[in-house]
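Heads up, the chain shows up twice below as structure tokens, two forms, tagged structure 1 and structure 2.
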Structure 1
Amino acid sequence: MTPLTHRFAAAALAALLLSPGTAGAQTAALESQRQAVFAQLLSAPADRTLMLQYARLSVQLRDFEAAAATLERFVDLDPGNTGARIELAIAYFSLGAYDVAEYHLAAAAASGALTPEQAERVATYRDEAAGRNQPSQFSGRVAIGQAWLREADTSGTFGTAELDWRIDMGGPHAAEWLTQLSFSSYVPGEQSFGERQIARLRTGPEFRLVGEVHGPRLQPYLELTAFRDDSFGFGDYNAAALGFAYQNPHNAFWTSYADVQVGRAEADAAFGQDFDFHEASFGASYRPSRDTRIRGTLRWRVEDSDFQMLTTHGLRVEALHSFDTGLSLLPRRWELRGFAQRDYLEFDYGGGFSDEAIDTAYGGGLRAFVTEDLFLEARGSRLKREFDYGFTQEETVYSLQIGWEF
């Protein structure tokens, strides 16, 4: 890395490390303000200025239940205020109480007193609430565009697709069967050995381990992967793995997660190498705000074939931030993301022969939603592999895609 890159990385790391303390102090200050307002509210429970202050502070503290309770009283005091009812509906919507949200949204729609903007907003939330109450739900995205590889001096079509399918398995704890399908393809537009496709299917039930809505969830799964490239079929393989994915949001800020799997890959060509693999990743996600996530993941993977055993372990840090410029001429929703990862690779060929290498990758991307569903995305990534005998490989990739999220 250049000195400038070093300084940027150090600043980013410092910001990451300091942000939990800053967010904690802000939360404590807001909570203190809210307690003070609540003490006044107990003496003057119908004071609408105090109610509004309390609800706003609750929203800032991500306590949407307290906001809902206050809005319930607001609507009780002013039952004809349709705008207050819409805010109440959104508070319930945020808590996942889609039935109650729909009750209030339908009442607001039936009032006949909505402004065009309110009517549009009510219709949007009603559509979403109805969709989330369906026993079978689909979501995903499809994107296509162009990718450029600087060092390889090639470019080609780059397509990605993701589909999540959730099926409500019924029962008092709403377990879901979750199937995720991902596909990624890079097709150079000229003679090249760089064409490749990866398809991955992961499916399994997702359980609420302690019977709580936001408690730990565990998904035992079967994962199937197909990899194809055009390099004479050397690298093509099909893999099957069994594993489990675990996620546990501990509070508004921290979530821990893990993914462990074991599987076997079989080469698609007679001269390819079959291999067994097992891998594990453990991580923590930090949310200083609802719009920002920072994740750190420790990873470990072993691939064992007749020819070699490859052990990889490393760390990946990534950050995502969503924002709205508030400018009508620009797209409404933006997503900014960046990542940095470092992996240590050990190639053990047996008989005392081995190699080691270090992979360092970093990159970023910006996604802009030009409509509710259509987005443009620009990405840039750089990967460097340094072998212990001094040889270095590098590649820099830029891509531009247009996509549809559904």
Structure 2
Amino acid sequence: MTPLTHRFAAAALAALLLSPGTAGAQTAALESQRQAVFAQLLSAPADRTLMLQYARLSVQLRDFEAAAATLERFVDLDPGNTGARIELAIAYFSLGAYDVAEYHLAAAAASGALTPEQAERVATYRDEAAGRNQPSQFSGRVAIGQAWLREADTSGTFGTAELDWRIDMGGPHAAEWLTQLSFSSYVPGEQSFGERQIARLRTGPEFRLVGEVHGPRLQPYLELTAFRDDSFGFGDYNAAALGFAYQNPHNAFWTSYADVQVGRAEADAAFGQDFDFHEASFGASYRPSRDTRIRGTLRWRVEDSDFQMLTTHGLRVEALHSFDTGLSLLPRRWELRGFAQRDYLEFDYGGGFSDEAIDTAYGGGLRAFVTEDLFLEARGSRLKREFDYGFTQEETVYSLQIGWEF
């Protein structure tokens, strides 16, 4: 990678990670507009034009509760306004109230006054609402492509697959049994020090304590992992762990989360080492607008074997920004992604012998949707490992994938 390319990649990542400032200013401006409209509504509470303005600004601010409440009043005043009823249904859909959303979508469809565009929109949301109300739901994505390692001038497969299966368990706390299966293959070439393949299965009940979109969710789980480190196989292992995951969407902007687990790993190679491990991660995500999400995670992990104790702690920051392409032929918004990560590794061999290493990684990508479900994704990343005794490994990886969401 040339110095110019390095500077361009760093600038692109900085633009993503610093976007909360810009998005925050946009949010403040929208909130100021909404407050001005609200002040006018106080003196003219039945003004439908002001109601629609307030509802639209609330949707832009992701305050769907306020949008739904305002649109309910609007529909009471003008029950034949199909456009307002559709927007009300979408607000309830965004809140996870799929039964209420379906009611208003059905009323809009039965009106006979929909334009072709509105009819298509209503049909799409009705299908999605019906799917989310099923007692058993599947969702996921699959992507496969090619990765290139610049330093070694090699290439290899690069792919991911994720599947979520939710079973409605009923009860007052919106309990679901959630099973997640994932697989990732990062094999850009035999010279890559980061080469690995991971298959993971996590399953357990998830409880929403308040039964709504916002509020804490708790999941005790069992997790099984198969890890393949590199072509030599020294680091290969199979592991089982018991864990506890917490997630709390406090509001439309902030979500906090945590995950703790303890387990045992058995080596899948003659010279490998069995080890016990425990791990904890804590983080938060911030959505300053509908288009932007920032996520930061602190992670700590200890692996204890007869040969060594490995302690890893680090920080990862991710950013995602979606945008319209301006091309009417493309049905989905595109997504620009970036990340930066720093991990500190401490190796304790006993008897006073130890070593340290620092892993640094950063990169970004563009996911371009060509249909509602099909996408192309280009990625680039830079990895660096620095050992305490002065040895350094570096690699630059590019990849191109085709994927499908379902």
Partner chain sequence: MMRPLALLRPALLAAAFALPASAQQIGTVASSEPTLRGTPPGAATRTLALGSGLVSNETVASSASGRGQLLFADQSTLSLAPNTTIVLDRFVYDPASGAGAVGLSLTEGALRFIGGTLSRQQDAVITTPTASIGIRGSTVLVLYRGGQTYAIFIAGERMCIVSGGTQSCTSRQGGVLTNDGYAGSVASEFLTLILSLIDGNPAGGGGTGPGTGVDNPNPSERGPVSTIGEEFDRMIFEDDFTLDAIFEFLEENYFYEE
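Residue positions are counted from 1 along structure 1's sequence. So that the term is clear: the rigid core is the largest set of C-alpha atoms that superpose within 1.5 Å between two forms. These figures come from a predicted structure and were not determined experimentally.
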Label of the structure corresponding to the form predicted on its own:
2
Rigid core aligned, does the Cα position of residue 62 differ by 2 Å or more between structure 1 and structure 2?
yes
Once the core is aligned, does residue 261 move its Cα by at least 2 Å between structure 1 and structure 2?
no
Cα displacement of residue 48 between structure 1 and structure 2 reaching 2 Å, rigid core superposed:
yes
What's the distance in angstrom the Cα of residue 32 travels between structure 1 and structure 2, core superposed?
5.2
Core-aligned CA shift between structure 1 and structure 2 for residue 88 (Å):
2.9
